[in-house]
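Just one chain is shown here, as C-alpha cells, and it is the form predicted on its own.
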Amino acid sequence: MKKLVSVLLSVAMVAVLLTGCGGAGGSASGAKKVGVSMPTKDLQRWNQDGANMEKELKAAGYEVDLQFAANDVQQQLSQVENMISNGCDVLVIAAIEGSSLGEALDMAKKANIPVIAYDRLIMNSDAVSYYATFDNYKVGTVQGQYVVDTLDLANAAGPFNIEFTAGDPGDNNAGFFFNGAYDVLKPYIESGKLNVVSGQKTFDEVATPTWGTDVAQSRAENILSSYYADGTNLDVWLCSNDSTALGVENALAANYNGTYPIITGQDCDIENTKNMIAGKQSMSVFKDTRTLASQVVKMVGQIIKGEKVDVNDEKTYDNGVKVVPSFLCEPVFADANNYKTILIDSGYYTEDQLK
C-alpha cells in the first residue's frame, strides 16, 4: 500500500512540474509567448511601436518579451537569441541592420519559430516568415507628390532648387523611401525645372547612417556653406524621415537666410509636428503604428492558430533569398492644415503634447 501511495505521489509531482513549465514553447502560465525586438529607444517612433505592440499582444492574451537594443547590432542579436532560448513561440523583429541577425535566425529556424519582420525587412535569410510594414515606396511617392503639388511643377516656370537627405543604408526601407520620392521628381530634375545645386542626387550620396539627426545636420551645414552661402535660394529639402528633417531644420536655422524651403518628413514625431505648426517643416508622412501593431497581432494569432496569414503583397519584397509574403498598410501625410484631424482627433496625440 505504501509503495502504491509513493508511486501516486511521484506521478502527481511530475504532473505539477510539467504543468508549471513552458516546455518547448510558450510560458509557464500556458500563454503563448511573443518576443518583440525593437532597435532603439532613442527615436520616439520605436518607443511608440514597442508600447503599442506590447499593449495589443497582452490584450490578446499573449505573454510578451519586449526588448530594445540601443542601436547596437550585437545587443539585438543577443536579445533575440535569448528570446529563442526562453521559449518564444513567435518573434517580431524590427532589425537595426537588415543583414545582421543570421545566427539568431538560424536558431529560430531550427526551433521552428516563425519570424515576422516588423517595418524593416530582414535580409538574406530564409527564416523570415512574413513582413509587416507600410507601403514604403508609397511613403516616398507621397513626399514627392507633395513637392509637385505645392510648387505646382506641372505649370510653374521654375527652376526651383532642391536637396535630398535619405536614410540609413543599413535599413532596407531607406531605398524604397528615396526611390519613391525620386521617381516622382525625376522628370522635373531631368527637364531642369528642379535643380539639385549640390549635385548630390544618388542614394549613396544623400544617405544618413543611423538616421542620425546630428549626421543629417552636419551634412546639411556643409551643403549650405558650400552652395548657398552666396545667397542662392533653396526651395525644397526632401528628407526621408523626421529625425533627418530635424537635422536639416537645425542647419537651416543657423546657416541660411533665404526664403524658407519646403521640408518633408516621416513619422510625425512630436518635435517635428510642433515644427509643422510653427512653419519650420511642411509635412510628415504619418504611419499610424497602432494600425501596424494591430495587423501584426492579428498575424501572430493566425500563425499560432495555424490559420492562413493575411498578406496583400507577395511580389515586392525580395530579401535576397526569398520573396517574403508581406502586409502593407497605407500611409497618409499630415501638415499644418490637417494635423488636428490626423493626429489629435484620432487620439494619437493630445493637444497638450503639441504645445
Ligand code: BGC
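Model, not experiment: these values are computed from the prediction. Note that residue numbering follows the sequence shown and begins at 1.
Heads up, the form predicted in complex with beta-D-glucopyranose (BGC) isn't pictured, but that's what we're talking about next.
For the three marked residues, 270, 288 and 353, no heavy atom of any sits within 4.5 Å of beta-D-glucopyranose (BGC) in the model of the complex. Note that among 183-191, 216-224, 272-280, 119-127, the stretch whose heavy atoms approach beta-D-glucopyranose (BGC) to within 4.5 Å in the model of the complex is 119-127.
For the residues 69, 328, 43, 303, the 4.5 Å heavy atom test against beta-D-glucopyranose (BGC) in the model of the complex is passed only by 43. Contact annotation: of the candidates 173, 79, 100, 250, the single residue with a non-hydrogen atom within 4.5 angstroms of beta-D-glucopyranose (BGC) in the model of the complex is 173.
Among residues of the shown chain, residue 237 is not one whose heavy atoms approach beta-D-glucopyranose (BGC) to within 4.5 Å in the model of the complex.
At least one heavy atom of residue 211 is located within 4.5 Å of beta-D-glucopyranose (BGC) in the model of the complex. Residue contact with beta-D-glucopyranose (BGC) in the model of the complex: residue 177 places a heavy atom within 4.5 Å of it. Not displayed here, beta-D-glucopyranose (BGC) is approached by residue 266 to within 4.5 Å at the level of heavy atoms in the model of the complex.
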